[in-house]
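First, one chain by itself in structure tokens, the form predicted alone.
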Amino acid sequence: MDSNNDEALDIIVTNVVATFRTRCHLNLRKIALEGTNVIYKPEVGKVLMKLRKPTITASIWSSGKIICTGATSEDEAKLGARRLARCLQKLGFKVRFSAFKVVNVLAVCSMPFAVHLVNFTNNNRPIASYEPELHPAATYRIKHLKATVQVFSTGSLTVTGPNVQNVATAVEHIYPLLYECQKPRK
């Protein structure tokens, strides 16, 4: 952050994607018939199950792999995954909760200024790309953090990364680059 501008940026996590395994085969038809809040998709070979607290949607495959989306923190994702495993145990499956992993975190952040995207991409050419005909945002990829930042001209950022820590570090990394390309205030 700039020394004469000590505004704190709010990074709001909007989605956490996590995976885990049940270590047993799952009968999707039985889950669809006996489970609650389920959508059976036989053409894709999966079942969608929704939880209300925490708000999570899970894609369940017969192999026992489950992908959970919709959580707003890593702890909430783990709690939702464990509740999902418990629901499957109550349906009669010998579920053992294992290999839990947070795969992706999506967050949004708003800069206190607007950004001149053409200047930003010219200054950061190999890493940043901006195709206004295809997408209204400039894309900035940070390889060592495995994070991608979408920068909009309004100063809004959409950040994706493997965990919350990397997302916060990506915002800290890109802030000085955006600060030098800010649009003058009217």
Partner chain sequence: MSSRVCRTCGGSDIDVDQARGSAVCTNCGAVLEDNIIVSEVQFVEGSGGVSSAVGQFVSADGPVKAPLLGSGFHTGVGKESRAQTLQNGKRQIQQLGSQLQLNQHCLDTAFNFFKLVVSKHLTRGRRTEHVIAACLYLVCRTEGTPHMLLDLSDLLQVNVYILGRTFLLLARELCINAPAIDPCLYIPRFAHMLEFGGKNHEVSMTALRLLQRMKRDWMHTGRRPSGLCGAALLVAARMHKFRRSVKDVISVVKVCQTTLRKRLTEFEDTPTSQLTVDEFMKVDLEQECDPPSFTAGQHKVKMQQLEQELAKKLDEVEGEISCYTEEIETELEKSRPKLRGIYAAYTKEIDPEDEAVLSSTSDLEEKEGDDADLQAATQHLTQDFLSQVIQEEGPGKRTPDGVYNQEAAPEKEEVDERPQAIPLSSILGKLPSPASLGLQETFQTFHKSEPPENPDEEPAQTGELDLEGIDDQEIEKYILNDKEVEVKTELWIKQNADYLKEQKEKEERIKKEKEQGTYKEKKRRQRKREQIEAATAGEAIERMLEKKRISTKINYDVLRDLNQSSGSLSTPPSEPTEGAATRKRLSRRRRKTRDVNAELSANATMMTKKFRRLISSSPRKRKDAPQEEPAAAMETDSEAVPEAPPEDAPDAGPAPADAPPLLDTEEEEEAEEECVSALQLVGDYGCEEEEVF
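Positions refer to the first chain, counted from 1. These numbers come from a predicted model, not from an experiment.
The next section is about a form of this same protein that is not shown, the form predicted together with its partner chain.
* Report yes if any heavy atom of Arg125 sits within 4.5 Å of a heavy atom of its partner chain in the predicted bound form; otherwise report no. => Output for Arg125 is yes: heavy atoms within 4.5 Å of its partner chain.
* Asked: Is there a non-hydrogen atom of Phe97 within 4.5 angstroms of a non-hydrogen atom of its partner chain in the predicted bound form?
  -> The answer is yes: Phe97 has a heavy atom within 4.5 Å of its partner chain.
* Asked: Taking heavy atoms only, is Lys53 within 4.5 angstroms of its partner chain in the predicted bound form?
  -> It does: once its partner chain is placed as it appears in the predicted bound form, Lys53 has a heavy atom within 4.5 Å of it.
* Asked: Is the gap between Leu145 and its partner chain in the predicted bound form 4.5 Å or less for some heavy atom pair?
  -> So Leu145 does not count as contacting its partner chain.
* Judged by heavy atoms and a 4.5 Å cut-off, are His25, Ala168 and Tyr179 together in contact with its partner chain in the predicted bound form? -> Checked in the predicted bound form: no contact with its partner chain for any of the three.
* Residue by residue through 119-139, tell me which have a non-hydrogen atom within 4.5 angstroms of its partner chain in the predicted bound form. => Arg125, Pro126, Ser129, Tyr130, Glu131, Pro132, Glu133, Leu134, Pro136 sit within 4.5 Å of the partner.
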